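Only one chain is given next, in structure tokens, and it is the form predicted on its own.
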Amino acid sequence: MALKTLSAKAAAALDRELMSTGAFSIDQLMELAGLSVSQVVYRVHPVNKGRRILVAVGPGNNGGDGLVAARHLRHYGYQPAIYYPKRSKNDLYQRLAKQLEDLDVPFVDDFSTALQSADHVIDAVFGFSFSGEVREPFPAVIQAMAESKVPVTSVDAPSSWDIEQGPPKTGVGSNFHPDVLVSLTAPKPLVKHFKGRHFIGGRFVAPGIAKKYDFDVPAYEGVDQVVEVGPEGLKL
């Protein structure tokens, strides 16, 4: 049975529902999303493969997920560094950044230089709500990730990809194919164009909400916040 996916419109509606009838706060959802991402990185890139994790953080919720993931990874024993060129003035994001500063996690200004010494990259620039043109300074960041041999884990969507159609045909991101994708809550249609390792992180969705939006909540095991799946939705 093919993997059921959520369109960008449905994913936005689901988020609103989780924060209304579902009774979750945005802080909770971001914490759970970032925790899921951190568990994926721990699984695909254990500490003994290299501690230096570079996190590319965008200005929105996807970036917030990356900030949370970095905090968890710091506690796991990694050495994250944050590239966050467009800091939000929103209180939530400022608190997430302060939590990292208190853990002595460095914020870097030059992505390309930081990439040269990284063992793994988290792409938390753009999520499912992205559309339109990639604006500065992110075109060079996406191009650097595309050309680097350092493995990349993307949060919810490879940055610059169209949520329905996948990678752009030309221009920024057309050659960007990350190694790992963490679909949050449920996969988006772009997964049919993705060839790497694919995980789902959404161990908080009530069965009634999943049924309403017509997607499957996978069978999470033990304390795992993530499940690895194949292209047909089969657990690996």
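The first residue of the sequence shown is number 1, and the count goes up from there. Fair warning: this is a prediction, and the values are worked out from it, not measured in the lab.
Although it is not shown, the form predicted together with a further copy of the same chain is what the next lines describe.
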Problem set entry | Of Val172, Val191, Val44, Val205, the one that lies within 4.5 Å of a further copy of the same chain in the predicted bound form (heavy atoms) | Val205
Exercise. Lys98 near a further copy of the same chain in the predicted bound form, any heavy atom under 4.5 Å?
Worked result: yes
Exercise. According to a 4.5 angstroms non-hydrogen atom cut-off, is Phe24 in contact with a further copy of the same chain in the predicted bound form?
Worked result: yes
For this session: Give a yes or no for Asp110: in the predicted bound form, does one of its heavy atoms lie within 4.5 Å of a heavy atom belonging to a further copy of the same chain?
Result: no
Problem set entry | Non-hydrogen atom contact Leu32 with a further copy of the same chain in the predicted bound form at 4.5 angstroms | yes
Problem set entry | Candidate stretches 50 to 58, 163 to 171, 192 to 200, 36 to 44, one within 4.5 Å of a further copy of the same chain in the predicted bound form by heavy atom | 36 to 44
Exercise. Counting only heavy atoms, which residues in 47 to 84 are within 4.5 Å of a further copy of the same chain in the predicted bound form?
Worked result: Arg71, His72, Arg74, His75, Tyr76
